[in-house]
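Below you will find one chain, with nothing else, as structure tokens; this is the form predicted on its own, and questions on how it binds or moves follow later.
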């Protein structure tokens, strides 16, 4: 195996990339502890008042619970729909499987604003705008491609002889799937769950097209709050969301390992 030392230029390039990616946090975290009434960097004073203010803001708390429930429902539906679809594509290999796989992942290739406009035009005809059902359907458009892709990759890397051995011993196809295939797919299922949950919870462009006065998600509420007020409350909320994301990643890493879950 080639283990040549990494050049200094490559190390500097990697360091520059990490600094670029973490630059927003370097600004947002200090602002979240600002004692000022408006966002300013660096803050002229320090305070924790904006963190309790998050939980006393009715719009933010309502939008948070809406986003949490929405992400949960979308994740469950993505697994229930994506798992059979991935199994059919990988194990049954129907005619045109590659074309169907490309079709399922096509929404990821479109600009989100174009996708949101198309969904707005279609859903307006059926009264799905500013409804929870409409938000679920819209988010499924972007989470299902991820679910099918990750689950299909997980299925493709499983050792088929183990499943065949169980079948030759008298196990029914459903039993083989339930007792053999699903346990071996644990890392793929965990990765799909985490990915779909985070994508749905963090989706803002599609939600902007689908929300209204009756219902709003947390990213949309944050966007409108910044439009109306320039206080550090959004910065404090952003820090909490970063911590939530890190907790989800940590759970995935502790349960099955990040490399095993996402790298195949």
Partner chain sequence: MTDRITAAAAGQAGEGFLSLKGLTKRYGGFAAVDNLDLEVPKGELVAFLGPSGCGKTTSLRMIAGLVPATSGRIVVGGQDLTEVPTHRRDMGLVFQSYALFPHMSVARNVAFGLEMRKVGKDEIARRVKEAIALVHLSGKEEHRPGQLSGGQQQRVALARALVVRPSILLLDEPLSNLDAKLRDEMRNEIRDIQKRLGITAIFVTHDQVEALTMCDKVVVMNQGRLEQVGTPVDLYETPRTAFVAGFVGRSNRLKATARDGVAEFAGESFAAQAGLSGPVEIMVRPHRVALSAAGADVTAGDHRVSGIVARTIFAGDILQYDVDVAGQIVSVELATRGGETVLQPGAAVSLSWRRQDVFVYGAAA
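Numbering follows the first chain given and starts at 1. Just so we're clear, the structure is a prediction, and the values are computed from it rather than from any experiment.
The form predicted together with its partner chain is left out here; the points below concern that form.
Practice task
Could you confirm whether residue 180 comes within 4.5 Å of its partner chain in the model of the complex, counting heavy atoms only?
Solution key: The answer is yes: residue 180 has a heavy atom within 4.5 Å of its partner chain.
Exercise for the section: Decide whether residue 172 counts as a contact residue for its partner chain in the model of the complex under a heavy atom distance cut-off of 4.5 Å. Expected result: Heavy-atom contact with its partner chain at 4.5 Å: present for residue 172.
Handout entry: Non-hydrogen atom contact residue 111 with its partner chain in the model of the complex at 4.5 angstroms
Key = Although its partner chain is absent here, residue 111 would stay clear of it in the model of the complex, with no heavy atoms inside 4.5 Å.
Handout entry: Non-hydrogen atom contact residue 166 with its partner chain in the model of the complex at 4.5 angstroms
Key = Yes - in the model of the complex, heavy atoms of residue 166 and its partner chain come within 4.5 Å of each other.
Exercise for the section: Go through 82-90, 181-189, 144-152, 131-139 and give me the stretch that gets within 4.5 Å of its partner chain in the model of the complex, heavy atoms only. Expected result: Checking each option against the 4.5 Å cut-off leaves 181-189.
Exercise for the section: With its partner chain left out of view, choose which of 118, 100, 73, 162 has a non-hydrogen atom within 4.5 angstroms of it in the model of the complex. Expected result: By the 4.5 Å heavy-atom cutoff, the listed residue in contact is 162.
Practice task
Residue by residue through 47-72, tell me which have a non-hydrogen atom within 4.5 angstroms of its partner chain in the model of the complex.
Solution key: The stretch 47-72, when checked against its partner chain in the model of the complex, contributes no residue at the 4.5 Å heavy-atom cut-off.
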